[in-house]
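Just so you know, structure 1 and structure 2 below are the same protein chain in two forms, each on its own as structure tokens.
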Structure 1
């Protein structure tokens, strides 16, 4: 199996390297992107898509297929980390360390011993590699995280009118959960945003993007031709393209946020989801 995988990587890499010779030189004034595409986007972007942010209009409208498959690649990366790293929970295992909060005494409970409840306020579980709690860091992050999430929602909602979009907003939302995991512990983060939630939201994000394109087909237009949604959204064709961009940006944000969190859970805990950064 490893030999087959190595052969596949070599062949694919060789094909990519071979085809790079057919690309135009960097900055070539005669390249198609510089002869007519860029000029058309700059001159007609806002009129065609009703989105003042030309970058978003290119990514989510003119180049919507490419962005959809980029989102799919992010989703595939999350699945790859799950299948390669995720480990099944085995009963027993390594000793666990708990702190008795009223007294500050640290207890080491061997395999087979009686463990406190996960939501216990008296006993707090610590990672095996003990790191003293940083009260200032933990409380500061608790205050900062909601503002990060609010700003992330702003970036998503205004991505087609100002710098931002689904990728940027999704990364910010994921960063807020990862910051919580680092400042508190991985188990608390997983209880608030579980592995199942990450899988469902990642799938939903890809479904929203592809489903929007499929809905355009059902309305009699081309795939991802958002103006076909005008009757459903109750707006004109140009505004429908703007709303369509927002819808797919929300799907991108869901997928990016969920997959980054899922990848972090698996990488930081070596697939155990029990202890980690």
Structure 2
């Protein structure tokens, strides 16, 4: 198998290397990829959409149809993880471990024993793996997480003018919740941002994207042609395209954030939503 793989790989690689002579040089401004369509985007992008960052205007405006289905792929991947891994919660069955917070004593309660209240501050439930007292990690994360979220909102809203946009901002928002789930525990994170919220938010994101396109259709223009939204938003056609990009980016951020968090919940607890990393 290894020999066969090696032969196949060397053959394929050799063919590609053999053909590199036909490719343009590295950094060639007159290469075919750099001359036809992208010239139009660079020269007219800002005048058309009022977004200096051409990557954003191409992503959400000129090629918005493409991006809509990329968002749908992320949504479908989240659903696929849910269907593959999620298991129904069986009541009881396994022993649970609690820590008495004032004294630091750890208690193991066997199956069938009396359990403290779920949101009790005196008894805190621990994972069955060894969990040390992580005061510094918890407090550091508590301070850092709001700043990550504000930066993520800035990245989404400022995507017209600087690198960033819905995908990056959504991933950063998801990373802040994942950081909370790792530094505290998975159950607290799920109490803050539940599975149902994730599912609804993901669907809402895709709905915002597709709905903006459908609204353009209702206003008498092509699908995702934001110019048609100008009378609704009360601005001229160029600014309507700029605002349309922002609306669509918010939808992308919703979908990406919710789906990455949902995939993390399912992967880190192997579908039980009980004990995470």
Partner chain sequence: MTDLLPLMAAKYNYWIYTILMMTGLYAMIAKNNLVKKIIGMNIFQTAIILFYVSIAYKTGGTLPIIMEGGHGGGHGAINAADYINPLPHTLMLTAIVVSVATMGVALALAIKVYRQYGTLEEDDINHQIRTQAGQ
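As the structure is a prediction and not an experimental result, all values here were calculated from the model. Residue numbers count along the first chain shown, from 1. Rigid core (definition): largest C-alpha set, two forms, superposition within 1.5 Å.
Assignment of forms: the chain in structure 1 is the form predicted on its own, the chain in structure 2 is not. After superposition on the rigid core, displacement of the C-alpha of residue 270 between structures 1 and 2 stays below 2 Å.
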